[in-house]
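Only one chain is included here, represented as structure tokens and corresponding to the form predicted alone.
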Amino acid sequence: MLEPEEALSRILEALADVAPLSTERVSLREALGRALAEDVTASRALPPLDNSQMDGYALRASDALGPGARLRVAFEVFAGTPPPPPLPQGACCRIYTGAPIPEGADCVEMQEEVSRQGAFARFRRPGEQGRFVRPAGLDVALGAVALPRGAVVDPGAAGLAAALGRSELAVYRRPRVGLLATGDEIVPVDRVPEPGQIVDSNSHALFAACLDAGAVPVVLPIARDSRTSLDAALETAEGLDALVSTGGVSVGGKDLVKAALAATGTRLDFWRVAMKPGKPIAFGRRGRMAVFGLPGNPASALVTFELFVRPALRRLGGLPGRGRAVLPARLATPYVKPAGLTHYLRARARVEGGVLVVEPLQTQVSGHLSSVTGFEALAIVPKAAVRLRRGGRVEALLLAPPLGSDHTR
């Protein structure tokens, strides 16, 4: 069996020739959370003109060499107006935040440091060249790379692109992921299950997980435990970037997914990983499509998706890393396990005294649906560990911000 780290490394290496996916141009609103496929260069400077950082008065610093200088107020300048006329020698002008600096002025004094006396202004302190003046291009120079290729479009990037006049951006395509539930016992969510049947919950959980990973999920028809049904369902995956099946990858008499995948041309790389939950997980390639066979138990499916599928989908979409923080933490309760497998415990996470604390959920049974919600972290217990005391050191993969932080802002 592969160790989890080696399994992930092999998955990502196997995608090197197909990741990232092709590019497309989309609107700013559609680009959020996606990776840029090209540099965004500045076709204009930001700010476009020298402008005032304060409400106050613009002047030549040389006209106020000492405190108490008295200058005539020549005109007013507001934000959004055309460039004003040049500033007369020995004069100042009333100016407002964001307004263009008139030619000849090289200083702005905030209004709190100026007393107005009719048509004149008296300055309490000497002028200083460059004070409260934002030069053109101070933020982004003309022709500079404002957003580099590969950067993730966040709200700030969308605003910056808009300021540069870019209504569309070239980004990497979101991976399209087929979700295939397998099993004679599975029925759709809108059907009342008969005795011995269960509702397909995995497809809905993984649908949400795909969206969270930046992918486009496509729910495929449920496949029964027969080669005919599996072959027909797998044919519907043509043209997708990834396929994620649940169930049927273990060693039971009706675990037929591996054989069905092989018959469609899928080359499996591995099918077991030394971990709990989720040991029976398969990965391979079918042409350009990444293929994942996840266990059918709800917790196993979601944990293996988080550890292996999510990083792969991000790689296909041009996004960096797994998008999750892995941090040192301490266990809130003791934990005992046999050696040999790395355990991933669904856990609540909180901050106590500046230390990240993880508290495993009371149930870690992979088939319990109640154990796949309401946790913020996966506590990673190494394969060699057998007995961890309360306060024992582990690593935690954070899925959400920790609760109860004593650091408020």
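For clarity, every value in this text was computed on a predicted model and none was experimentally measured. When you see a residue number, it is the position in the sequence shown, counting from 1.
The discussion below concerns the form predicted together with adenosine monophosphate, not included here.
Trainee: Pick from 309-317, 198-206, 67-75, 118-126: which stretch has non-hydrogen atoms within 4.5 Å of adenosine monophosphate in the model of the complex?
Mentor: Of the options, only 198-206 has residues within 4.5 Å of the partner.
Trainee: Residue 296: heavy atom within 4.5 Å of adenosine monophosphate in the model of the complex?
Mentor: Residue 296: yes, in contact with adenosine monophosphate in the model of the complex.
Trainee: Indicate whether adenosine monophosphate has at least one heavy atom within 4.5 Å of a heavy atom of residue 113 in the model of the complex.
Mentor: Contact check for residue 113: no, nothing within 4.5 Å of adenosine monophosphate in the model of the complex.
Trainee: Using a 4.5 Å heavy atom cut-off, state whether residue 304 contacts adenosine monophosphate in the model of the complex.
Mentor: So residue 304 does not count as contacting adenosine monophosphate.
Trainee: Closest heavy atom of residue 153 to adenosine monophosphate in the model of the complex, within 4.5 Å or not?
Mentor: The answer is no: residue 153 has no heavy atom within 4.5 Å of adenosine monophosphate.
Trainee: Tell me, which of 99, 181, 242, 146 has a heavy atom within 4.5 angstroms of adenosine monophosphate in the model of the complex?
Mentor: Looking at 99, 181, 242, 146 one by one, just 181 meets the 4.5 Å heavy-atom criterion.
Trainee: Can you pick the one in 290, 169, 186, 87 that has a heavy atom within 4.5 Å of adenosine monophosphate in the model of the complex?
Mentor: Looking at 290, 169, 186, 87 one by one, just 186 meets the 4.5 Å heavy-atom criterion.
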